[in-house]
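Only one chain is included here, represented as structure tokens and corresponding to the form predicted alone.
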Amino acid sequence: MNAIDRIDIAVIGAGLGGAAAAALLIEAGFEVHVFEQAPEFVRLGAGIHIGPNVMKIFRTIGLEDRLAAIGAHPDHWFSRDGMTGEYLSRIKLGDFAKREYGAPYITIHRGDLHAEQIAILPKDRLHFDHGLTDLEEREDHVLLTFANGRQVAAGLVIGADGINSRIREKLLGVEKPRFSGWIGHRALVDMDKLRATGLDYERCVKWWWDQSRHIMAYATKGDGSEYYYVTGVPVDSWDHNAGFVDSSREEMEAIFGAGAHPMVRGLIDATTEVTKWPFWNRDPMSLWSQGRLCLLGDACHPMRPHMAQGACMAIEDAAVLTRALSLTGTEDYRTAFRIYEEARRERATKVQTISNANTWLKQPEDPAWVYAYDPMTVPLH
């Protein structure tokens, strides 16, 4: 592109939500470019859950079968007592999910998912090394200025740029995210050590302790060759400047090991490298769009990962926003943004609230309101 080029829609951020928005908008016939601050694609993160609610979206852009082939297909989401091993709930997934909710439920490495999303985007629409430094809304476009010196005039701007969103700052002013009082440890475990326990590790299980401390453990590949866990631990503060820091097997042992079930102890023993991360929060937002700017995902409604639906909400947002713009066209973007927000606010806020409370599927309950939801057909008004 030239120094200042005119484009119809700019998506800021090529994470899971931004990449989904770009693919869906392109599929719907819009002229869209996506701008990512990272210099190149990197296989980041570890495990992630993709529910039937979002696999239906991936069906639309031709990724459902590919992701289903890569990911693991748990038969259940089990909740178990971390000390006794008692089953607190058994939520059916597997073939039941396909039949009841209309698509599979998979667990997958976030990097594998993201790589597939990036691969389907036309190379001339995806721009790495474009960190947004400024934006100025003008009469018929938004002027975007990037750290590399490039300027782009976009008819509409979609902020998919995460919890520290520059687009959100433009709408609501500078406000730092609030530490939620929780940290999470993340680790891919040593499969040889895990197998050596002789125990049969379930493909998706959440181990619970008092104060809602937990370890969520699951397979991230269909062949069972990769197993991952993420914890949730309440703490008084986060005293590090870094986005995450190294933890250790000893720290895991100190938090969860005393008196724990043998399967939990085996999981800790199979830990080699483990990191810990702060979970940040924001209050539900007063507005999701203003003028030619619109937000989705963590830029809009960040949540703790305790429901395994944070990325799913961003991708659902992308689908509904695309449908709203398809109804109105880009000229009537104000109506499209209103339709989008009205369709998404209640659901996203409910998921945000339950995620933050950390009660999801601890006890037997019907998850159909989450998993049977179809963003491609939900009524828009």
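Just so we're clear, the structure is a prediction, and the values are computed from it rather than from any experiment. For every residue, the number given is its place in the sequence shown, counted from 1.
The same protein also exists as the form predicted together with flavin-adenine dinucleotide; that form is not shown, yet it is the one meant from here on.
flavin-adenine dinucleotide is not drawn, but in the predicted bound form it has a heavy atom within 4.5 Å of I48.
flavin-adenine dinucleotide is not drawn, but in the predicted bound form it has no heavy atom within 4.5 Å of L25. Using a 4.5 angstroms threshold between heavy atoms, S289 stays clear of flavin-adenine dinucleotide in the predicted bound form. flavin-adenine dinucleotide is not shown here, and in the predicted bound form it never comes within 4.5 Å of any heavy atom of T220. For the options G181, G131, G85, P177, the residue carrying a heavy atom within 4.5 angstroms of flavin-adenine dinucleotide in the predicted bound form is G131. Just one listed stretch, out of 203-211, 268-276, 153-161, 95-103, contacts flavin-adenine dinucleotide in the predicted bound form at the 4.5 Å heavy atom level, and that stretch is 153-161. In sequence order, I12, G13, A14, G15, L16, G17, G18 are the residues of 11-27 having a heavy atom within 4.5 Å of flavin-adenine dinucleotide in the predicted bound form; the partner itself is omitted from this view.
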